[in-house]
Structure formats: structure tokens, C-alpha cells
Ligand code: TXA
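Here's a solo chain for you in C-alpha cells, the form predicted on its own.
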Amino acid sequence: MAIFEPTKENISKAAEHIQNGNLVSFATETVYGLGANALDPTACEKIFIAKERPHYDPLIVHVADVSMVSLVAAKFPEKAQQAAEAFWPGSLTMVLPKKDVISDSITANMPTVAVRVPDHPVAKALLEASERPVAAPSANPFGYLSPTTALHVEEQLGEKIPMILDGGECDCGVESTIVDFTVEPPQLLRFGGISKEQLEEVLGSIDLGKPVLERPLAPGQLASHYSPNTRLEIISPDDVPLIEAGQKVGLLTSGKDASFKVDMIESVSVDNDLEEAAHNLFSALHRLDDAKLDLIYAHSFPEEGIGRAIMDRLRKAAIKLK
């Protein structure tokens, strides 16, 4: 069993693993991360191997507090500092000019580094005990559904990780918002736990990055990502699709009922609350994917606030690259 309770002793053991170049999975408020010493390229290479992650997809570096940003970033622009004051610790990742101490292998040979201060007691304790920045993408095979429980991590990568620190189910449930602060105005590269509206209240106008890139500037920008093994199609809540005879179908929805017959239904929010829906999204998709269905239908969500992040994940889950 690779899952450990986050006791003081286990946090210390996990920190030793980080310091010795090993991998540790740990809870954050967004999703579970797969961490390695960000200052050790050999250790970070283990992340790419464990996840079967391509090297053109950069990693996010987690630090314990704002004071550690200077360890990895060459500049901390004024607007980035304003955003840090408003949203850190929290689910905002900043793209900043990198220092040479951060290996090009972590940043996909780009001159920038993605940095975040997570808002979870387990992540904070591990970062403080490790006394170094930790590179940590989501703890799942590349392109698959993100893990929001320790059990998700163990089922997918347990044999490859010496320790999984169990911090319970992730509060936010979708990955962090990513904003590039090397340009003016700042550019939103990935929708996540902090909404565009929240950002603009603090920063003023921000631009939207390209949604699909052959060479991503930040994690989560590829066309196909966050995908279940089962085929997924997005439909309007008013749609009644024609289901083939004998086909086993599941439905991801918000609300209580389905307007057509399905074999399994997962409602991410009975009251149509977008924050609750985001929190439950990946766990519901994991359960649907484990049910050996032929097809998953997903109702669309309002594209406002965190609903944009939900729809971003669903659209990418619906694309299967050949």
C-alpha cells in the first residue's frame, strides 16, 4: 500500500524522498500532484517516465510561499505580485521568466517557468519540510483523467510511486488557472479554479491564449487531455440522443434526472452549483469510466466563472487523438 496518512512522521519521510531524488504524490486543493525536486533534472525525469509524459509539455513548480518565487523565477512583475497577493496560496499558476537553476527539461526548453503556491495543508507541509521547490504535474498517466483522491493515484500509478500522501478529496477538483505574466496584458493560458472574472477584478483586462497548441506554453493546453478510456460526447441538456440497441450508456449531468434512458447517471451537482460541479467532475468521470460503458454523454455547462474550466476539461476529454 503506497497510501500514507499525512502524519508529521510521514511528511518527513516524504520530504526525504524528495530530497533524495524520488517521487512523491501529494494532495493539493486542485488535484493530486506527482512531485520531484525541481532543482534536480534527474529526479524530474522520473516524472516524465512514470506518467509517460512527452517532454514538450512543461511542468508546474510548486513553492511553499511567495518568498520562494525568487529561487526559480528571474523576475516577478508587478501584476504578478498583485495576483499573488490576491490569489496565493491558491489555484493560480503564474508563467514567469525562469532562472538558470531550473532545467530546460522541466520547462520544455522555454525561457519561462510555471510557478504556484498551493492552498492545501499537506502540500504546504511537504514543501516546507522538503525545503526546495517541487515540480508536480497531476499524478495520472499522461492525457488521462486527473486524480482527485489518493485512491485514483494508487490505481493509476501506485506501483511507480514510493509514497502517496492522502489529503482527502481535493476541494477545487479541477487544475489551476494558468496566466502568462511575461506579456502585457497578462494572457490566460488555461481555465481553472480561479475564474477570468476574478482575475480581471484584480488585474484589469487579460487576453485569452490559443486553446490548442502543437507546442504548449503551459500544461493542459493540448487538444486532447483529461480523457477517460470510454468515448465521451458533449450534448445540450435539452438533447435526446438516439442510442443504439444494446449500447451501454452513462450520463454526466447537473441536476437530478436524465431526459433519456441511461445505464448509469452521475450528477455532479443536484442544485446546478458550478463550484460543486467542478469539485465532483473528475471523480464522477472516474466512476463512469470504471463502469465498462460503451459511451458517456456529458451535458454542457454554462460558460461563466468556473464553468469555463469544466467545459475546457470536457471538450478535451471528448477528443481522442488517433
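For every residue, the number given is its place in the sequence shown, counted from 1. No experiment lies behind these values; they were computed from the predicted model shown.
Just so you know, the form predicted in complex with this ligand exists too; it's not on screen, but the next bit is about it.
- Taking a 4.5 Å heavy atom cutoff to this ligand in the predicted complex, the contact residue among 251, 163, 73, 95 is 95.
- Residue 178 is the only one of 83, 145, 178, 127 with a heavy atom lying within 4.5 Å of this ligand in the predicted complex.
- Proximity of residue 266 to this ligand in the predicted complex falls outside the 4.5 Å heavy atom cutoff.
- Taking non-hydrogen atoms only, residue 45 never approaches this ligand to within 4.5 angstroms in the predicted complex.
- Using a 4.5 angstroms threshold between heavy atoms, residue 113 counts as touching this ligand in the predicted complex.
- The shortest heavy atom separation between residue 286 and this ligand in the predicted complex exceeds 4.5 Å.
- Heavy atoms within 4.5 Å of this ligand in the predicted complex are found in exactly one of 185 to 193, 232 to 240, 75 to 83, 198 to 206, that being 185 to 193.
- Although this ligand is not shown here, in the predicted complex the stretch 28 to 66 places heavy atoms of 28, 30, 31, 32, 33, 53, 57, 58, 59, 60, 62 within 4.5 Å of it, in sequence order.
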